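Just one chain is shown here, as structure tokens, and it is the form predicted alone.
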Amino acid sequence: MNANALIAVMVILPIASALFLNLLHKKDRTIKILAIITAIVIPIIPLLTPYGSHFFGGYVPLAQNATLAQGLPSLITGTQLFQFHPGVMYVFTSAQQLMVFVLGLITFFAIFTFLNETKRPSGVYAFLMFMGTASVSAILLSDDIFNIFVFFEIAALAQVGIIVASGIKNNYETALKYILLGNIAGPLLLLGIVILLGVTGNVNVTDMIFTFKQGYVDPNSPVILMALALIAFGWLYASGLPPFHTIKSAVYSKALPHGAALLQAFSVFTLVAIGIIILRLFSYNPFTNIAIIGISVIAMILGITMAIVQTDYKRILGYLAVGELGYIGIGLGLGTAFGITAGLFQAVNEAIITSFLFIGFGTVLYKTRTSNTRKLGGMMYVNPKVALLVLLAGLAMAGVPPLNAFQSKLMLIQAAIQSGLPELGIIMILLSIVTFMTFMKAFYTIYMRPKPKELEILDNKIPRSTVISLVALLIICIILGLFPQIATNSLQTLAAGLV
């Protein structure tokens, strides 16, 4: 096998496994074995794959034409330039390696806890989780914006399926709302792609940038700006930024804890992948960066303020997770190499921490079958070790040292100051404090206040796999907090290239 073909395997393997699992019914042992093997292999593949590009259909982008790279006169005619090329290119660098690896790890922990918390594991549910992982991996790797749209739609359907399969009260209503909004966001995203195709003659992002740089297309024309607005609308929907923060939080609350952990990872990495595409295509216009920062600040404020008034801890976590997306957006919006590196590092950290929190708080649901904070209390005495792990996860989200989000948030504050926007740094500090207070209020209510008399705690023991997952996530948070260069060194090249 060609070494670069391994890039495609990152997408093909989870899809193939998902399709096979979907065919298995009432074969619990087979489902468990196949699912866990796939979940183990998925994060290993990016570690074994060499950096490079994989071309489907043998198509090499115009900007990589050898004559252009050598500075010789171009052999490309105007007709060839604006001729549609159906080939698809996947790009794999150290940044993609880190993000696909982290996504694979979270998939592993989600599958690991799902298989052991469920007596009769569903092949359909595993199918949905792997299809979502494959789709988001493709979005991270693809340099073809139409290919991104295809997997954008598949990822949305997989998320809806995960909600429907949860069996939680009112989950069908939430799933219906989310897919109806997707029926608006998806076509608008596609329309933006069609406009770019009509203007540049291609859907390959590298080719479109080439046409801009060579002066064949004005990147500041009204038509291009219309395409930006349409693509940005789809981006907001997929990531859960305003005005979609409410439905995204509801999506998390109607999924099972391990499903919510994976759904949040999907949101984080989709935000990053499409956000990078927006920066690559539209950073010529200074309004792009201003808009990203503005939306991000609104997301942070709305996420935290909405979390304060919730009485369901899954909605609290959902809104806090949406608020944390704003930090990523600020890093991208600053547009500097240091700022983008900080934003990407925050994305990696948030995906890990929110998975940590959703799985950790999921133990409360496992023991009590309720997520209503008004009915909870005294859980510290039920399992103090798990309570401590959940507390540490909350401290990580708030940016308390020496945990990982402290490093990325500190970098974001420094980047804002270096960019001449100290006000953004102050906002991030204040909102981190409010995040800490909101989490501690929920933690006290669930774990530390006296147990209500009417609360029934089930005898079922928390699975060892869940505790192992929590400990592993904590170790990752500590390692990235003490040695942030493990992540930032992988992200700096991509950030510098965007600048």
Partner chain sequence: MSFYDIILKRIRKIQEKAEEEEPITNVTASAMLTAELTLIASVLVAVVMVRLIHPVLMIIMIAAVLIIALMAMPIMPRLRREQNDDLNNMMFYVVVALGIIVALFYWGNLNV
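The shown structure was predicted, so the numbers you read here are calculated from the model rather than taken from an experiment. Positions refer to the first chain, counted from 1.
Quick note: we don't show the form predicted in complex with the partner chain, though the next part is all about it.
What is the one choice in Ile429, Leu388, Leu188, Val400 with a heavy atom within 4.5 Å of the partner chain in the predicted complex?
-> Answer to the contact question: Leu188.
Among the candidate residues Gln418, Asn285, Gln214, Thr93, which is the single one with a non-hydrogen atom no more than 4.5 Å from the partner chain in the predicted complex?
-> Selected residue: Asn285.
Contact at Leu281, Met440 and Thr488 by the partner chain in the predicted complex, all three, heavy atom at most 4.5 Å | No, the candidate spot makes no contact with the partner chain.
Since the chain is shown here on its own, which stretch among 219 to 227, 98 to 106, 405 to 413, 379 to 387 would lie within 4.5 Å of the partner chain in the predicted complex, judged by heavy atoms?
-> Heavy atoms within 4.5 Å of the partner chain in the predicted complex occur in 219 to 227.
In the predicted complex, does Thr336 have a heavy atom within 4.5 Å of the partner chain?
-> No.
Find out whether any non-hydrogen atom of Phe244 is located within 4.5 angstroms of the partner chain in the predicted complex, and reply yes or no.
-> Phe244 belongs to the contact set for the partner chain.
Is Val434 close enough to the partner chain in the predicted complex to count, meaning some heavy atom within 4.5 Å?
-> Yes, Val434 sits close enough to the partner chain in the predicted complex that at least one of its heavy atoms falls within 4.5 Å.
Is there a non-hydrogen atom of Tyr252 within 4.5 angstroms of a non-hydrogen atom of the partner chain in the predicted complex?
-> No, no contact at 4.5 Å.
Taking the partner chain in the predicted complex, which residues of 153 to 192 have any heavy atom within 4.5 Å of it?
-> Heavy-atom contacts within 4.5 Å come from Lys177, Leu180, Leu181, Ile184, Leu188.
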